[in-house]
Every structure is written in structure tokens, then in C-alpha cells.
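What follows is one chain in C-alpha cells, specifically the form predicted on its own.
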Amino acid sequence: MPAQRIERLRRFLPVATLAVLVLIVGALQPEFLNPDTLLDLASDTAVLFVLASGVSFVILTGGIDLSIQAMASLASVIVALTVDRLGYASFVAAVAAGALSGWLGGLAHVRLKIPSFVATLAVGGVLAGTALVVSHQHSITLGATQRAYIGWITGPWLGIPREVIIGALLLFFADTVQRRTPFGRYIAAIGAGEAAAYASGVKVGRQKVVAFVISGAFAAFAGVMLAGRLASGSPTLANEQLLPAIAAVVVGGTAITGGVGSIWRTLVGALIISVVRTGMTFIGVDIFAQEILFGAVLVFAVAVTIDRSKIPVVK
């Protein structure tokens, strides 16, 4: 299949898939198309999108970050433990912890030459263990005083859930970084051909580390949003978010081998995952069975989007 046709398929197939899914679920359950239901869907998608958009930067380089769900959970614990003393600064501390974890994972990958999935899997283990230790393996519910600080996350503003507004602002920010900055061009070049990017003078290692820092910071922000939505922090709060987040990136049309993709595609992928998840809930599919479908969808999406010219030998 010609390269132009493949690229056209990557660009339009996710949007067409989203439209078809909405029509199918709406036909089976008409209440799905109610404005309130769609707003709830958008609100649920916001957290998944934030988590997925951060890891999109790493995937665009051809890497992967498997620590994002552990970082999101730890961020929720940090907020729950510190918001009483630090106030709004607790949110900054949580995001800073995410950036630090991304920096450590990036350094392990770049400096120690460890494959990104191994480096971030190890960092994720450290983060998950830290969350369990500092929370004493318990969920931490926010009290009335503490909940006063999370009003900017929850509730409507002019009839629109604040999570949706936050997600839209982060979409604009991430899209600007990816499409209108040298860093965005560099990571696309690295994903398309790391050796060629290096020969062109791109500081490959530095750009990769920055991508991991962004991924960690976005994962932490997703954890902050979860803490606000659920009014609690838990060391396992985001444990079921890794597979949907990776699936959202790839289903949206971003190649797992890097070089091709965008934040807008990630948004479409996140909406597809949310529609599938909500649709199955409406139809009555068991929540644990949904993971089976996400796994199957991820395999199919990778098979469609992967650039096999970059990996002549699959190991």
C-alpha cells in the first residue's frame, strides 16, 4: 500500500470509527445521545486524554512510558496528604514530582542505554511502592476543608464541566508544543529516524528526556484531576488507566514506532476509548471484560499503524 494512502488511512479512519461508534451506541441506547450523558462522557474523557497526551510525546520519539499510571496514583496521594498544609501548592508539588519521575526515567533510558519500556517499568515500580508506603496502603479521603481547594477541578462552569475546560486548555498547550516549537519538530524527526536526526545536529538524548519529563508531568496532573474528581487519593487510583491511555494514543493514529501522530489524534483516540467503555456499560458488559476488548483493540491498532520498515526484525 502506498505511503500516502497509509497516511490518509491513519488520519481519517479514527474519526470515522468514532462517528460510527457514537451512532451504534446511540441506536442501541438512545439516552446515550442526551446532552447530559455526552457531557459526562467528555468529563470522563478529560482525565484519560491528559494521561494519554503526555505519553504521546514519548511515543512520537519511538519510546514508551509505562510509569504513567503509577505516577498518577502517587500524585493523588501527594495531594491528599499535603493539601491541608500546602493548599494550592500541593498541586504544584504533585506535578513537580511527576516531572522529576519523568526526568529519572528519561535519564535511565538515555544515559544508561536501557530500553524505555524497561526503564519506565522500573520507575513505575518505585513510584507504586512509594505511593503504598506513604499512604500506608490506604485510600485517603479529603475532608470538607481540603475539598475547598479542589473546586477548580470539579463542578460546572457555565454549564460545562471544569474537567472538560481543563482538558481543552491542556489540548491547546500540548498541540502548541508539538506543532509550533522546535522541540515538537525534533521529536517527530527522532521518531522518523533517530540516526538521521542525530546526524542533522539534533541533541537526541536531551529531547528524549524532555519528552519523558512532559509525560511524567501530564501523568501527575491527571492524578491531580482524579484526586479532585473523587475527593480522595489512593495508591491504586489509576491502576486501570495504563492500557486505555496507550490504546488511546495508538487508536488515534499515532504510530507506536514514532514519527507520525499528533495530540489531536490522541484526543480522537481517547474519545473512541471512552465511547467504547461507556457504550459497553450501557449495554451491560462487565467492567473487567472491557480490558479484554482494550487489549484486542490495542493489538489491532498497532498492527495497522506500525511502520515495519523501522523494525525489519521483530523481537
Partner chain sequence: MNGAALPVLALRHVGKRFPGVQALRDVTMELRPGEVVGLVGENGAGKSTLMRILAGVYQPDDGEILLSGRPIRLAGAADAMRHGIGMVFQEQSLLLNLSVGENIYLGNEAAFTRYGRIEWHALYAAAARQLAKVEVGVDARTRTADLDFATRQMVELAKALTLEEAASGHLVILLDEPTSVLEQTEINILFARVRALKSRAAFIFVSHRLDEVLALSDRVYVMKDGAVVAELPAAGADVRHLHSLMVGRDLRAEYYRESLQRPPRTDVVLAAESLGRAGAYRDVSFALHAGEVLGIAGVIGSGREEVTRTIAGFLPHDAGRLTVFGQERRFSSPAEAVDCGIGYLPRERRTEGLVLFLSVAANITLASLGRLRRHFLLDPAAEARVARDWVARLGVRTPGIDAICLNLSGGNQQKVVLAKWLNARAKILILDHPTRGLDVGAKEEVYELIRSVTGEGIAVLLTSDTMEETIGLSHRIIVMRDGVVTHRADAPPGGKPTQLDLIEHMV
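All figures in this text were calculated on a predicted structure; none of them were measured in a lab. Positions refer to the first chain, counted from 1.
A second form of this protein, the form predicted together with the partner chain, is not displayed here; the remarks below concern that form.
J.: Please identify the residue among Leu142, Ala217, Ala197, Ala108 with any heavy atom within 4.5 Å of the partner chain in the model of the complex.
T.: Filtering the options by heavy-atom distance leaves Ala197.
J.: Which listed residue (Ala231, Ala99, Ala192, Ala93) meets the criterion of a heavy atom within 4.5 Å of the partner chain in the model of the complex?
T.: For this set of options, the contacting one is Ala192.
J.: Would you classify Asn239 as touching the partner chain in the model of the complex, given a 4.5 Å non-hydrogen atom cut-off?
T.: So Asn239 does not count as contacting the partner chain.
J.: How about Arg180: is it within 4.5 Å of the partner chain in the model of the complex, going by heavy atoms?
T.: Yes, Arg180 lies within 4.5 Å of the partner chain in the model of the complex.
J.: So, Gly159 and the partner chain: in the model of the complex, are they within 4.5 Å at any heavy atom pair?
T.: No - in the model of the complex, heavy atoms of Gly159 and the partner chain never come within 4.5 Å of each other.
J.: With the cut-off set at 4.5 Å between non-hydrogen atoms, does Arg185 touch the partner chain in the model of the complex?
T.: Yes.
J.: In the model of the complex, which of 201-209, 117-125, 131-139, 69-77 comes within 4.5 Å of the partner chain (heavy atoms)?
T.: Selected stretch: 201-209.
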